[in-house]
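One chain comes next, on its own, written as C-alpha cells: the form predicted on its own.
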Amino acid sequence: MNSAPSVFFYDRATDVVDHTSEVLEGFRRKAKFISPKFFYDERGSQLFTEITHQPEYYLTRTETALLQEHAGEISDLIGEDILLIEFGSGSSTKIRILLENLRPSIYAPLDISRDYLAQAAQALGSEYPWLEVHATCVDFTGDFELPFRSEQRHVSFFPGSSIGNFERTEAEVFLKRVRQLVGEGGGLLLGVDLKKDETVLNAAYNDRAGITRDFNLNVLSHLNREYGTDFNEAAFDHLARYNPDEGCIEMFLVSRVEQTVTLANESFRLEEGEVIHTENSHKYAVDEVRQMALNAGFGSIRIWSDQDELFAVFYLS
C-alpha cells in the first residue's frame, strides 16, 4: 500500500523469468519479434507521451477533442457511482476529462510500467482528493483479476487505439475478457483509429522529430537493463509502414550490420537488413469494431467520430 490514504498500489507484474522466456521465444522464430509490451519502461512511457505531442500524430489530439466535446453525453450514458478501470494509465491526460465529468467512486488504472504507474496514481490522488485510486501493475493483455473488491458498477476505459496493438483475433479475445471483467450492467469506452489515407498513417509513425524512432529503439535499452541482453541501439534503424492488405501499421527494428546478440546465454545471428518486428497497429472500419464488439458479448453501441473520420470513440455496454 502507498502512504497516501486514498491511493493504493498492487504489484501483480509477471516475474522476470517469464518475461525472459517470452523474449527468447520471439528470437527463436525465423521472423524475429519483440512484444510491444516491452516498450513501456519509464523512459518508453515518457517517449510515448512526447509522440502524442508531435504534429503528425493526430490520434491523441483527435481522441481528446472527442472526449471533451462529448463529455456530457458520455457521462449521462455511463451514469454515476462507478468503478472506472483504465487499461494503460499513460500520461493520464484523457482520464482527467472523465474523472472531472464522471466523478467515479473508484479509479483503477492498470499498467505494466511500475514506476510510471505509481507516479501517475500518486499525482491523480493528490489532484483529486475525493477520489479513491487503486493502481495495479499488471500485464493486462493476459488473464487477470482485480486485486480488490468493489460493489460499484464496472466501466472500463481503453484509449489511444491501443486495441490496434492486438492481432484482430486477439483483439476480440481481449474484448471478451473486458466483457467478463465489467460484468452485467458494465461498459467499455474504447478509442479506435480508423482506416484512412496511407500518407496520413505513415506520417504519424515516422514523425520528423524522430521521437517514434527513439521510442522503438528504446525497447532494446529496456531489454538490456532488465533482462541481460546486449543490444547496441546504434546498430539498428527504425522502420514503420502501412500494410494495406493487413490494415495495419507494421513497425520494425532493422539491423544495420551483421551482428550477434545474446539473450539469456543464447546467441542469435542477425544479418544486415534483417528486421525485428516490434509492433502492429491495426486500423479499423466502424463496422468492423461494431461486429467485434457484438461477438465479444457487448450489446448497445454508441459512436462518436470527428468530421474527417480519423478516429472514433465507442461506448460498448
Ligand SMILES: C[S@@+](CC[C@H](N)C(=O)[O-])C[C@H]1O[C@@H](n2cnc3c(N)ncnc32)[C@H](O)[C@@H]1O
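Just so it is clear, the structure is predicted and the values come from calculations on it, not from any experiment. Residues carry their position along the shown sequence, with the first being 1.
Not pictured, yet referred to below: the form predicted together with the named molecule.
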Notebook entry, point to check: Ok, H154, H134, R179, K94: which has a heavy atom sitting within 4.5 Å of the named molecule in the predicted complex?
Noted result: K94
Checklist line | Interface stretch in the predicted complex with the named molecule - options 137-145, 118-126, 98-106, 235-243, non-hydrogen atom within 4.5 Å | finding: 137-145
Item checked: Close approach of F48 to the named molecule in the predicted complex, 4.5 Å, heavy atom -> yes
Notebook entry, point to check: Does P159 make contact with the named molecule in the predicted complex, using a 4.5 Å heavy atom cut-off?
Noted result: yes
Notebook entry, point to check: I112: heavy atom within 4.5 Å of the named molecule in the predicted complex?
Noted result: yes
Note to self: Please tell me whether any heavy atom belonging to D193 falls inside 4.5 Å of a heavy atom of the named molecule, as the geometry stands in the predicted complex.
What the structure shows: no
Item checked: Residues of stretch 23-44 in contact with the named molecule in the predicted complex (4.5 Å, non-hydrogen atom) -> K37, Y40
